[in-house]
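Coming up is one lone chain in structure tokens, specifically the form predicted alone.
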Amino acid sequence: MGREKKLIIGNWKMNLGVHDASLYLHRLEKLVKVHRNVEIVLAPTMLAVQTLSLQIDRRQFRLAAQNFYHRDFGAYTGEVSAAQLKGVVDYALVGHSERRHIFNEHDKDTRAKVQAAIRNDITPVLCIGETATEHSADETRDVIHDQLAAGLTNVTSEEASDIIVAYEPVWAIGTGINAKPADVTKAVLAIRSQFKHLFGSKVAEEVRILYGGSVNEDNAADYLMLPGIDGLLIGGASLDAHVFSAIIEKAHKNSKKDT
């Protein structure tokens, strides 16, 4: 899918059980208007993915997995694979900072998950971003370079054009600290520069880049207006139906391809 649509992903994290997730989706269905220039993706807890896949109107919403294991099948007690999620979700988060820093997932894990998603026809949303220490040391560009190079190893140019990158500065996730527009713009330029180096100019122009990190109703429009930003990855604000629907409306109004 091209960059003509704004992409809004709501990451519910470890919130809302099966019943509450179903009720919440019902509220969203009433509040969220369908716009041809905005794609809306919901990432519920794994327990609710299957239930919501039966309830959801895919003309209005798509589903994403928050996590998965990189092996397709096998003796991996407690894990869910991309192969098992195929046909249930359209997207999957990979390399989210909470996976990297709380669960100690390494670059090799991220790389394996990107490849697993691709071979199972699931679009990976590769999350990258620097910590507060790295940001203070002016290492943002280096972190972006390293995380992209590691996560996209063995990915072809054709596959790379369909991958989504979510820039989420770790120091801004769930902290209420907002990244400055200038910093986000620099990060986006660094991402596209790395894609150009790895896959060429055409792919660098086509790849969709999202911003995430304490996004709310008040600042969403500012981030959506930044050059090169194709949407948002939203955490806590996606759990409030009225706030989330308001952000979606801002994305609709912001899109140049308003139909």
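Computed from a predicted model, the values in this text were never measured in an experiment. Sequential numbering from 1, following the sequence displayed.
Not pictured, yet referred to below: the form predicted together with phosphoenolpyruvate (PEP).
> Tell me which of 213-221, 38-46, 66-74, 199-207 has residues with heavy atoms within 4.5 angstroms of phosphoenolpyruvate (PEP) in the model of the complex?
Replying inline: It is the stretch 213-221.
> According to a 4.5 angstroms non-hydrogen atom cut-off, is residue 173 in contact with phosphoenolpyruvate (PEP) in the model of the complex?
Replying inline: Looking in the model of the complex, residue contacts with phosphoenolpyruvate (PEP) include residue 173, since a heavy atom lies within 4.5 Å.
> If you check in the model of the complex, is residue 130 within 4.5 Å of phosphoenolpyruvate (PEP), heavy atoms only?
Replying inline: Taking the distances in the model of the complex, the answer for residue 130 is no, it never comes within 4.5 Å of phosphoenolpyruvate (PEP).
>> Going through 3-30, which residues have a heavy atom within 4.5 Å of phosphoenolpyruvate (PEP) in the model of the complex? Please give them in sequence order.
In response: Residues within 4.5 Å: 11, 13.
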